[in-house]
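A single chain comes next, written as structure tokens; it is the form predicted on its own.
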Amino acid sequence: MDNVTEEYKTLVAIAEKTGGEAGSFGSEDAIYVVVHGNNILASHALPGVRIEATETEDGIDANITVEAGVTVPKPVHLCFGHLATMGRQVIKSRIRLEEKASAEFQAHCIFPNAIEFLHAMEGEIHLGPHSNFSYREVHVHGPEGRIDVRPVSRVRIGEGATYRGDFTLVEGRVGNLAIDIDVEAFGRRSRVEITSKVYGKYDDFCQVRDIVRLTGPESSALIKARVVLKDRSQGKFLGLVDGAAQGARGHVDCTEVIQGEAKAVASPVVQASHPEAEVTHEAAIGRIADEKIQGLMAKGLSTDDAIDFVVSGLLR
């Protein structure tokens, strides 16, 4: 690709270092979209995948469709970000997988300099019968500031379809985070897996809300959260699975680790709206063992570095 902007180069370089595959952007055999603020810097699709994206006042509005029977061999990379210290970016998207389609999406949300910034994502995901979709969202923030992050997803899953969602925010400050995911698995034998990994520091505020309704017979769900909080940060987790159909199975698994003056609340909620559904949960809030930190400090690490080392294992 010729005449690429400095914004493009910077965003892509960070994306490739934090989970993206080298050469994923700019390649003729890859599918990608790169957005800086409300400017679409690059967009590339391949047969079987349609991307319709327009610039709005403060972000973009996009429709992405994977056509029936199409298996996308490489991850679809979506890079959203801004290099300024202040501003806002609102991403509105509708992703649809038609019958028997399969794709993995990786969203890279990059704000290395943000101090006062709003990043909002409003997404709708519709999975057709027997489709398979993975969505991995990784955030990279700078060490300063309090960026507001508002990812909202509404997911609808058809018969025999599988949805896997993974949200990770462990690089830099979290700021004010409010994840809101609402899933309805209405198709028979549809499957849901949602994972959230967050590392709060200083006075960050982290809120994770994952709601899954299993309205399809023999549907299943796993909600998993790993939240680490240190300093004066605070975290709240709500994970709810409603078994509302015959043979529905669900489980909520939450672990929150606190250090310093951090505070955590975990609310795993399970309910059975059908007599032949089964839903379970487990939750734990604890601290990193002092002997682990002291052992690493004895090897030359500072207290913060020792905690970060242990946390990296918990959030891997």
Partner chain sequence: MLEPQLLFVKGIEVEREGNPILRGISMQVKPGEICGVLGRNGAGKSSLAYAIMGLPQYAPKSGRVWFNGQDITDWSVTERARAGITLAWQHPARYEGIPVRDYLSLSNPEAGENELSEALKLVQMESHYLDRLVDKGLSGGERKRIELSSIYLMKPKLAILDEPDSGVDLLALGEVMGLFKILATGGSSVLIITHREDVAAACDRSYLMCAGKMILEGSAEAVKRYFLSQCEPCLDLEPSKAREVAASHG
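Numbering follows the first chain given and starts at 1. Just so we're clear, the structure is a prediction, and the values are computed from it rather than from any experiment.
As for the form predicted together with the partner chain, it is not shown, yet the points below apply to it.
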query: In the predicted complex, E28 touching the partner chain (heavy atom, 4.5 Å); finding: no
query: Partner proximity in the predicted complex: A13 to the partner chain, non-hydrogen atom cutoff 4.5 Å; finding: no
query: Any non-hydrogen atom of K292 within 4.5 angstroms of the partner chain in the predicted complex; finding: yes
query: Partner contact for S312 in the predicted complex: the partner chain, 4.5 angstroms, heavy atom; finding: yes
